[in-house]
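Only one chain comes next, encoded as structure tokens, the form predicted on its own.
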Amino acid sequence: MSVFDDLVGQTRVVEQLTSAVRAAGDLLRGGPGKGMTHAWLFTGPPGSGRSTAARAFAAALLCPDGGCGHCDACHQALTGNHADVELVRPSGLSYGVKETRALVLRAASVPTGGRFQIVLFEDADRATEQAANALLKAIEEPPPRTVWLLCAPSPDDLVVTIRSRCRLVTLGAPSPAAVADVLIRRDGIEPELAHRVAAASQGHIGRARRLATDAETSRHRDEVLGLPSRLTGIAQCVDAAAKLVAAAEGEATATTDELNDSERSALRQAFGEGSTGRGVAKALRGSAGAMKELEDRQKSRATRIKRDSLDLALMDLTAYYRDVLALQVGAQVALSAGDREPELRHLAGSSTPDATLRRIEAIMQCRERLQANANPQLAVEAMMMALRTG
């Protein structure tokens, strides 16, 4: 057993990281530690396992046996509960300079276990420009035992000054066969279902698992893939856009409402609500600023969840038209929407490869507009018009 067992289809990455773990052990014993460095950048497409790889690497660095997978250090690091692992998961659209400066101070602490102090920064691409500058200073001059593990979709998502100081770890999307194998072996999914959702997920292991086990996720995908055949007029396009945006808003609301209430309650209690005694009233009056800051973060988180939900739907549509294009050009590839093959073949025969490419480009343009904070309703409506079949 090893902490790297959950890295599906990433043999080269596992070899790179295990080599670095051996070098880290040499460094701790007073050797040169050639092959180990203080800053790493994990990149790869959604679902490739960037964060999984970074957590496994953190566990291996803190494990006396190099990542055995069963000791307390491994378990605590993998679950995010190790005292020497600072796990950063931005909940909103961005990660600011104030939070980054506080993070840099925590990263400078001495490791309690005597090995390394590790900062695992998921979605490091969400750092603002000022935050990136603060992060750069920490990476340029780190304490001797501090290791930074940054995660981002691609190296270009971070400023060149940061990525040039990091050792790059590039993960690829695992094959459908590899995804299906782990679903069958680890999650007990029936083979036929496992292979179907593995193809549908386009190498995203977490998405494949949700498609296999969560009826709501599967239903939502079916609704999204049913859109192209219904886009026959302007009214249908506007209606489809409204439903897609409303579904994303509903998901954001369902995800955040309960969490928002618990966070607000915890903050009020921290400022003494329900308590008595001198100073309580003054503390409660002073909590207004903290409550406003919390509400701003919660709004940013809801916006991010809404945007991520929309982006997932757009990627499903992209895969749908990729299947259409594959049929049009006679490519011998597995279809991600193989359960809709008659529908795909009908669309492939009633349009041209050029038209399909224009539709894929329209989806990509919509994604870019959403990333640039365009009005979601207008951006999705424009895309639906471009996808129209009538």
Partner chain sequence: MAATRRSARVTLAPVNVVVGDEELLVDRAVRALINVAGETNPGAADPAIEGAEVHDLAAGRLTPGDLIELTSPSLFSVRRVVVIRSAQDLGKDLAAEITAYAANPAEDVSLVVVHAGGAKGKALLDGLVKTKANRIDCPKPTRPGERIDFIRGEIRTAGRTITESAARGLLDAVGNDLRELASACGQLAADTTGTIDDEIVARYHRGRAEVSGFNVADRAIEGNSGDALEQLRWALAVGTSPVLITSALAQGLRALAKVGGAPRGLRGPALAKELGMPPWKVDRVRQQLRGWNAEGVAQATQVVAETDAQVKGGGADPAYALERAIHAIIAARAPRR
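Numbering follows the first chain given and starts at 1. What you see is a predicted model; the values in this text were computed from it and never measured.
Below: the form predicted together with its partner chain, not depicted.
**Asked** its partner chain isn't shown here, but in the predicted bound form which of Cys71, Leu312, Val238, Val97 has a heavy atom within 4.5 Å of it?
**Response** Exactly one residue meets the criterion: Val238.
**Asked** Among Asn375, Gln371, Ser19, Thr11, which has at least one heavy atom within 4.5 Å of its partner chain in the predicted bound form?
**Response** If I apply the 4.5 Å criterion carefully, the residue I get is Asn375.
**Request:** Examine Ala23 and determine whether its closest non-hydrogen atom to its partner chain in the predicted bound form is within 4.5 angstroms.
**Result:** No - in the predicted bound form, heavy atoms of Ala23 and its partner chain never come within 4.5 Å of each other.
**Request:** With heavy atoms only and a cut-off of 4.5 Å, decide whether Ser351 touches its partner chain in the predicted bound form.
**Result:** Contact check for Ser351: no, nothing within 4.5 Å of its partner chain in the predicted bound form.
**Message:** Is Ile234 part of the interface with its partner chain in the predicted bound form - any heavy atom within 4.5 Å?
**Reply:** Output for Ile234 is yes: heavy atoms within 4.5 Å of its partner chain.
**Asked** Is Ser2 close to its partner chain in the predicted bound form, meaning a heavy atom pair under 4.5 Å apart or at it?
**Response** Judged by the heavy-atom cut-off of 4.5 Å, Ser2 is well away from its partner chain in the predicted bound form.
**Request:** Mind telling me which stretch in 333-341, 23-31, 46-54, 361-369 gets its heavy atoms within 4.5 Å of its partner chain in the predicted bound form?
**Result:** One stretch meets the cut-off, namely 361-369.
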